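Below, in structure tokens: the form predicted on its own, a single chain.
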Amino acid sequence: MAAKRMIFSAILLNSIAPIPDGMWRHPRAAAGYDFATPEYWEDLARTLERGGFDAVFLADLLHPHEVYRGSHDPTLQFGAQCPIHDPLMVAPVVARASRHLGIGVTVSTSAEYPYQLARRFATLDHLTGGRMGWNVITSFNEGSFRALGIEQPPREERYARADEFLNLCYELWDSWDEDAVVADRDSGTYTDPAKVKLVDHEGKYFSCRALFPVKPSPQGRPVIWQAGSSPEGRDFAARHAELIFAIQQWTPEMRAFDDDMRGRIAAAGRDQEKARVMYQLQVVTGETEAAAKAKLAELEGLVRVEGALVLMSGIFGYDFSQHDPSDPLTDVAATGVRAGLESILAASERQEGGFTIADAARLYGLSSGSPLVVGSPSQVADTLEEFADEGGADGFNLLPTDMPGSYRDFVDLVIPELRRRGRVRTHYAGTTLRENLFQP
């Protein structure tokens, strides 16, 4: 039996320092390598495509963190995912610098209207030659809703609203038949009106009566990404997602998550083979194990406890400044993303005596609570194979440690080893993101 092929994406924000804390201060950070410039994204795109990556995955935060000490000041001081720019604008830049690399972009259903966003994604799918993906989120931080001047919907309504949002987008994207554009010069007919449906939607959350103005794009719809760890989030992913993104610390937890999602996908009436499950990882590698461990020590020295607590507080939705960093870590009433908190708590349970809050901050500031894989190329490949074969992982969303060095390390050191083992493509079989994701 052929070895299971792994899919890869690179997770970033259009920001100064996605993760880890202090990444912008790293000694290997290239001078002038500025996320706000097209050269940054062009270089990244070329590196990832050289390594056979499926996509760059752009997470997003609509509004800067303000939970820690109830202030924006620590966010600005530590560069805690701020400044952060619009991720959608990156897509054409990445597309121009590559031929096959997909672009997955995070956009919140709480911050957009379906008609406008469907039009934007369809346009970008044309401009990228069919390489767009949409990571669907519902938003959680209060600052985002205040910035938009809208009321934050109750948690229990967010996925119901997102369901209707996506279903309306599907109606819009599917309203043109594939052969609607005839471009008949002799008759003067460009589009056959009989093959374009007027969308007339009246739902609980949205109303839309419109002729969708974008002709069918190469993929028809962007690839749908979703990361939800709650039961509601998992059910939402089972109904919609082609790529399911999760954080699980160890192989048994990965297997349990994969089994759970496969069951939910089947219950939703979807083909289980039409979805892939990816786990977030951070990889630190070098020519030897000793070189990798030296890089790790350097990274650990950059993490500032308070800077990491700014991130934890903002993402989890709980102000850790009300505790002493030496206090034991316990479960807290998080109103934000629980997946990261649960991953940190799981790691704490395996540590004798558990974590202090400072311990948790050091781990979160280093790897965002995801598994940290450290070693030589063969050691890293061994671990990834374990996650794939025993944990059921279809692929991995890789966090950077420094830019551009960590992705170059992975592409130059680990990818050749994985290719030798038949785990990574040697060429792209298709032209669209969806075709390449689901190639054998």
Ligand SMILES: Cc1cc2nc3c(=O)[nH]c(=O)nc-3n(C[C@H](O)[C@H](O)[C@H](O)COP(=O)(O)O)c2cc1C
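Numbering starts at 1 and runs along the sequence shown. Bear in mind that the values here come from a model prediction, so they are computed numbers and not experimental data.
What follows is about the form predicted in complex with this ligand, which we do not show.
Engineer: Flag this candidate site as yes only if Y159, A227 and G336 all have a heavy atom within 4.5 Å of this ligand in the predicted bound form; otherwise mark no.
Structural biologist: Checking in the predicted bound form: Y159, A227 and G336 are all within 4.5 Å of this ligand.
Engineer: Pick the stretch from 399 to 407, 41 to 49, 374 to 382, 57 to 65 whose residues have a heavy atom within 4.5 Å of this ligand in the predicted bound form.
Structural biologist: After filtering at 4.5 Å, what remains is 57 to 65.
Engineer: Can you pick the one in Q280, T285, S98, Q219 that has a heavy atom within 4.5 Å of this ligand in the predicted bound form?
Structural biologist: Partner contact (heavy atom, 4.5 Å) among the options: Q280.
Engineer: State the residue from F245, W173, F121, F78 whose non-hydrogen atoms include one within 4.5 Å of this ligand in the predicted bound form.
Structural biologist: Among F245, W173, F121, F78, a heavy atom within 4.5 Å of this ligand in the predicted bound form occurs only for F245.
Engineer: Is there a non-hydrogen atom of F140 within 4.5 angstroms of a non-hydrogen atom of this ligand in the predicted bound form?
Structural biologist: Contact check for F140: yes, within 4.5 Å of this ligand in the predicted bound form.
Engineer: Should G314 be counted as a contact of this ligand in the predicted bound form, where contact means heavy atoms within 4.5 Å?
Structural biologist: Close contact is absent here: in the predicted bound form, G314 is far from this ligand, nothing within 4.5 Å, heavy atoms only.
Engineer: Considering non-hydrogen atoms and a 4.5 Å limit, does this ligand approach S343 in the predicted bound form?
Structural biologist: Outside the cut-off, so no.
Engineer: Hey, in the predicted bound form, does G233 get a heavy atom within 4.5 angstroms of this ligand?
Structural biologist: Close contact exists here: in the predicted bound form, G233 approaches this ligand to within 4.5 Å, heavy atoms only.
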